[in-house]
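Same protein, same chain, two forms; see structure 1 and structure 2 below, as structure tokens.
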Structure 1
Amino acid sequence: MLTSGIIREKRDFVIEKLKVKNFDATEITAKIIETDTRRRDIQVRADSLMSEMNRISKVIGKLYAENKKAEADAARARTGELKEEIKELSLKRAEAEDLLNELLVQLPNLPHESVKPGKGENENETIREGGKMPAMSEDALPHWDLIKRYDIIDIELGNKLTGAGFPVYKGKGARLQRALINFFLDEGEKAGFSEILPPVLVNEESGFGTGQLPDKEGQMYHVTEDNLYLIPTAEVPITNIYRDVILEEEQLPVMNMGYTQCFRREAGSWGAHVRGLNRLHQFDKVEIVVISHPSKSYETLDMMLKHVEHLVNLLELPYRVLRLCGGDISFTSALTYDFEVWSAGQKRWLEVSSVSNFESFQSNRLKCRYRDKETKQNQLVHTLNGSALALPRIVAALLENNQTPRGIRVPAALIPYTGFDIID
């Protein structure tokens, strides 16, 4: 969330910026400023009352020590009234604080200056393309046919065991998953990321820290019995490691990555675009998460982009990189690049990675700061994350783009991991 400070000091700027995200902040920022002012006013009054109370208490203590009971009792006369007032003010302050938080949480992050306005995904801007388009005949099969032909991923069986969106990987299909996970982790390590294997269930605080709660509650599976949530991405546990943490400046950047299974309810998503592996309730993903010095976070974003590009290149997939426009970028992000790979069977682009800089939007919620060497002040860090990569659509594209009459060719970089060079 944004800080109340920036809204107080640069309200017009905030309103202007949020227009890029098609968000009208006029009314809510006014409420925020009003609530914030009220909160501070209450605190000033409460503080001075408490100060007086402390003073009187000390005097009483001294009087008792000197055995001056009568004077002590006289001093106590006023305390009841003070106590009453303090109680009342604290309640009001808590109320104002809660309301302020409620309001702040509703404001999206400010978009970076390079983000252009736009209604939706059609207005995203392609900033880079790479890879070679596969030479395919018109009748290239979509992956949902290929997985059946080679019996490597079983959607129906997943239906039997669990329900729609929970496929079962078998034989070379299972091995391919394992190969991709190890490949991504090994490449991540080479790029300087430390591996984390976090829990896939998190508590409410974590959900709030990264912004899934309270607004996007329906996205996550909720284990009500224990009030835990199945993670929709490794971003949640890995970023929350740094909740309430103050880092030393020289520790930055903190570069972590983790493989986890991811769980998404995706309530209400149906249609042709979600067929096969295109959208699942459970899938595998390696996520990279970086905590960066605020002045370096856009360099960090570029570094992460290069890493993802490197992965896609090694997998020999044709890709393009999009800079999301204001209408498509997420609530929490300041700047997001999407990676899409071409799928020859479906003849369309599939999103396989989303790399974002959240600036201090997440860290403000997380209270993750670093101690500035020069000023000795604690400052909010910038957080970034990206998929590197999400498996299902990568698998879909690999299968579709590499289909041959003899079977499905495995890209060279993966063969050491799969142990086979063809799926047949």
Structure 2
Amino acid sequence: MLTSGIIREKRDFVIEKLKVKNFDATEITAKIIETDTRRRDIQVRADSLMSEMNRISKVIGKLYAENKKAEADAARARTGELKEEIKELSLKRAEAEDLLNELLVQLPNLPHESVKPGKGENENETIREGGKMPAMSEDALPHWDLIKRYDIIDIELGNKLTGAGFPVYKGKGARLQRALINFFLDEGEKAGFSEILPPVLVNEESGFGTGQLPDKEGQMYHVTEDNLYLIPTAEVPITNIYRDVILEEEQLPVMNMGYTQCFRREAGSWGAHVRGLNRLHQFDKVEIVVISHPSKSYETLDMMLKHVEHLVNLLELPYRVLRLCGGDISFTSALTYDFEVWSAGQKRWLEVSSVSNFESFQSNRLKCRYRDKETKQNQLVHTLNGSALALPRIVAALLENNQTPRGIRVPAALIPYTGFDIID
């Protein structure tokens, strides 16, 4: 979340930067400055009255001791008036602060200087490609046909039990799913990430802390009776571990990862590109989350990108890395890279990971800070996260890219986890 101080000092800069995200901040920043000025003026007036009340209170006893009852009674009456006026000002200040916060949470994060303007995903920039394209025939099957042929994932049974977007994994399909989760966690541990198994339900404060609320409530499953939300990603609970926490500088970076089931309503999704495993309401994902020193967060982002790239290389998947343009980057992110893998059966690229630096946007909401070892001052940290990896489209690409006359080949890196080398 941006601060009123930044907006007061750099309003023109903020307006220009948010144009990259196709967001017109002209009107709202004016309201923020106006509200912040009113809040400050109220505070100055309240402080002045408080000072006057304290000064008068100190002399009341002395006046009574000197038998100056009339003056003492008048002074006491004045302190009563001042208390009431201060109380009224306190209410007005609270109203101004509430309005200021309501306005501030409507502003997206400022994009990094490398983010290019653009309207949507078609204007994202491919920064590199890797892996070897599979030598597949033109009649390669999409995964929704393969899962039926080998009876490993049952879409219809999921529809029966719950509804669309909740598949049932069976036999070698379930084993493949479990293998991928353990593989991602083991590789994350090798890279220095500590594993956390968090809850999949979070409260409203946690949703606000990482920016899902109030921006994405329409995409989240809400347990209304308890006012809890099913998580869209492990980013939410893992990052919120550090809400209202002050870290020592030498503790940074804090590197965590977690496997969770994730839940997204995906309201309005339809069409051929959401068939099969392409877009689900419940899915498995391993997330990496880093709390970083501000001066090193972009080095951290590069490290996270290399980790995800390492995973897709081990899975022998052709991939490309995209830098998202202003029209496709999220509300909370300063800079995001997407990883896409090639889907031989669908003959298109599938997004399997987003890796983002939020700079201090989330930490300002979370009140997550570190203590500078030289100045001893508390400073906001930078937060980052990335999918490492989301399973549904990885499974789709693995099935489609590795289909053979014998069955579906399992990549060598996964065989120790699956216990089999072919799905037949």
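For residue numbers, the reference is structure 1: its sequence is counted from 1. Rigid core: the largest C-alpha set superposing within 1.5 Å between the two forms. Being a predicted model, the structure only gives us computed values, none of them experimental.
Looking at both copies of this chain, which one is the form predicted in complex with the RNA?
-> Structure 1, which is the form predicted in complex with the RNA, differs in this respect from structure 2.
Hey, does residue 379 budge by 2 Å or more at the Cα between the two structures once the core is superposed?
-> Comparing forms between the two structures, the residue 379 CA shifts below 2 Å.
Exceeds or equals 2 Å, Cα of residue 62 between the two structures, core fit | Yes, the C-alpha position differs by at least 2 Å between the two structures.
Shift of residue 50 between the two structures at or above 2 Å (CA, core fit) = For residue 50, whose C-alpha is compared between the two structures after core superposition, the shift is 2 Å or more.
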